[in-house]
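Let's start with one chain on its own, the form predicted on its own, as structure tokens.
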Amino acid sequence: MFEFFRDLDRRWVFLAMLLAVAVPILAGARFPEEPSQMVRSVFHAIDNLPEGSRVLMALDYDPASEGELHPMAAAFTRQCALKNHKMYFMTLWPPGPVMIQKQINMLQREFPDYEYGIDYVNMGFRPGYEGPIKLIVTDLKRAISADVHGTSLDQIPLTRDLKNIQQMDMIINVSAGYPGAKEWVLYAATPYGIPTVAGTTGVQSPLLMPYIPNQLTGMLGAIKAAAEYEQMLIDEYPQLKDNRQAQEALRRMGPQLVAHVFLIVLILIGNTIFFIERRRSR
């Protein structure tokens, strides 16, 4: 057995890893998720808002991080729609409008009674990195005069009387880097006391931990937290149980879990072979 693993052609390992990922995908394998305390705090922060609250949806990511961040952006959007919150979409990233449009397509498909201009508005992309945040916290229409279709914000019912984002009940930011969650915390949440939650990539989340809970109410870190959030959303809103698109992160965790377990087994085998060989060489 020792010689078998020591001399095993690495191409068999690559093939085994391929199967470890492919089989759970093809079989639709899913594993139960237990929401962490952090996930619960984010969920309740949004869910406890009064019905019809104003929520700024800042989606600062691009297609490169869509696999990790889209499921949590969709979960946030669904939860806000289920609570009849008013959503104001915008992005600080040039590819961000595509990500916003996917959320709007989902709203139109799953919540046909949600009406543009009444229940949600798309304010599109604003260049200048964190510059737009510094403007819209005091004067929204100085930085954004029209929505993504070119309609003046003064003509849209949802934004007609909106002076700045201090009137928001919450900021929800989904962030892949700069500008993103850190800038929303530094220039909006902290100086003006606007409750803020975030969803981030795995590599970004440790950098934001010092802001929790005083400056950042809570945070979802990577696809694992997104899966836990989806599970909690399904538990609280059973009407989503048969919606496969509302379980995207849960579906993606299946192959990831199997691949990680397989990787751990390989590490254990490799280290065992190393120590046995070293002992024999003495």
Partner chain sequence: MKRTVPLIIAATTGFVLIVAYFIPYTETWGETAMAWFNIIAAVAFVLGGFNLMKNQLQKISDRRPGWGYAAVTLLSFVITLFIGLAKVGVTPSTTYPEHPWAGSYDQEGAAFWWLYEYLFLPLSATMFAMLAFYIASAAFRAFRAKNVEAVILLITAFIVLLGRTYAGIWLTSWVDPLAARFESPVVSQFIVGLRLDRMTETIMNVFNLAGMRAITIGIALGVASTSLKVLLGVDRSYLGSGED
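Numbering follows the first chain given and starts at 1. For clarity, every value in this text was computed on a predicted model and none was experimentally measured.
Although not depicted, the form predicted together with its partner chain is the subject of the following passage.
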item	value
Partner-contacting position among P238, G28, G52, P63 - heavy atom within 4.5 Å of its partner chain in the predicted bound form	P63
Heavy atom contact within 4.5 Å of its partner chain in the predicted bound form, the stretch among 109-117, 167-175, 78-86, 138-146	138-146
Partner contact for I276 in the predicted bound form: its partner chain, 4.5 angstroms, heavy atom	no
Its partner chain contact in the predicted bound form: L158, any heavy atom under 4.5 Å	no
Interface membership of A45, its partner chain in the predicted bound form, 4.5 Å heavy atom rule	no
4.5 Å heavy atom contact, S36 to its partner chain in the predicted bound form	yes
Sequence-ordered residues of 217-248 touching its partner chain in the predicted bound form, heavy atom within 4.5 Å	G221, A222, K224, A225
